[in-house]
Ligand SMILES: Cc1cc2nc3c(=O)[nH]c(=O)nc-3n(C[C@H](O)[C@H](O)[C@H](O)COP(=O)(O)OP(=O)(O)OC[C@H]3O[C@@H](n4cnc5c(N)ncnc54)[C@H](O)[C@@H]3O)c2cc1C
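Only one chain is given next, in structure tokens, and it is the form predicted alone.
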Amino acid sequence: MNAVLRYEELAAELGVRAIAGLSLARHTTLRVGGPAEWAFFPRTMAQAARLHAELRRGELPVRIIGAGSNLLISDQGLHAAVILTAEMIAEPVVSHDRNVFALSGTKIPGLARWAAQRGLSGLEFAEGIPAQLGGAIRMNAGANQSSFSEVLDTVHVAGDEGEVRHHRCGKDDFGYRDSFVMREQLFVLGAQLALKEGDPERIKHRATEYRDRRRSSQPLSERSAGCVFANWPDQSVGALIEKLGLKGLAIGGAEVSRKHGNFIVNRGDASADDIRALIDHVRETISRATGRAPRLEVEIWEDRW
């Protein structure tokens, strides 16, 4: 049986939508990226867990894309089987203890607003984070001095045999823009969030304040992958980039944001090569000036580069 037929048959058997040669550009917030050999869109945790296990037995490497908000993909595409979680969505479920269950494809801004409307506090900090839940957990996304590790109770991940595993979160599972999911290369299927009861109007007010603060300081209306580099404990990389005079620097269609130095934006015609070259240039400039290179927050997928 040839590889094309096998992937088609697997998708049909599991009831999963599959597309050969899908362009990934519209599945990243930078809006760049070439085609995937195969792309799959599971809808449920059970579907996704079994799909993941079966694909890992195949000849193609397996990649997972959520909102694509911290991702740069080669213009030449990926020789990979890519699982996209965009269709893993459903109405969140609230338990009696105010834990909220949501699937990994749930968009974070919508989830934060959903919780606020029900008087559930804890996600106000996340208003405006352009991510899906799975990706936010993977990188322990945060803003406004808070992060997802503070509200996570249990994370559901795909097991090696196609089962759904339940991981109760502990104090050593997360760090700054780091998680056990990232370290162990796990596939997040969903999660239980431990929220608290609060006044809906006060919760909405805090969320609006946080959202407006982000809008005033970050280029949220432009095509970017969010912050390119992780901050040091003693230094904001964005402030350092501004101090080094790099804001507005451009290579091809890629530009260091004039609004926030730690963002690189696609002015509309940037290639992945443009963006990669600009990232490298900024990182090298910082390294020469300070003697240390910042860690990348953006993931670069370039298996055909």
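Model, not experiment: these values are computed from the prediction. In this text, residue numbers run from 1 along the sequence as written.
We do not show the form predicted in complex with this ligand, though everything after this point is about it.
In the predicted bound form, Gly66 approaches this ligand with a heavy atom inside 4.5 Å. For Phe41, no non-hydrogen atom is located within 4.5 Å of this ligand in the predicted bound form, even though that partner is not displayed. Proximity of Val181 to this ligand in the predicted bound form falls within the 4.5 Å heavy atom cutoff. Although the partner is absent here, Leu71 lies within 4.5 Å of this ligand in the predicted bound form, judged by heavy atoms.
None of 163 to 171, 110 to 118, 186 to 194, 231 to 239 except one has non-hydrogen atoms within 4.5 angstroms of this ligand in the predicted bound form; the exception is 186 to 194. Contact here is defined as any heavy atom lying within 4.5 Å of this ligand in the predicted bound form, and by that definition not a single one of Gly33, Asn266 and Ile279 is a contact residue. Of the residues Ala102, Leu78, Ala131, Ala207, just one reaches this ligand in the predicted bound form with a heavy atom at 4.5 Å or closer; this is Ala131. For the stretch 137 to 155, the set of residues having any non-hydrogen atom within 4.5 angstroms of this ligand in the predicted bound form comprises Arg138, Met139, Ala141, Gly142, Ala143, in sequence order.
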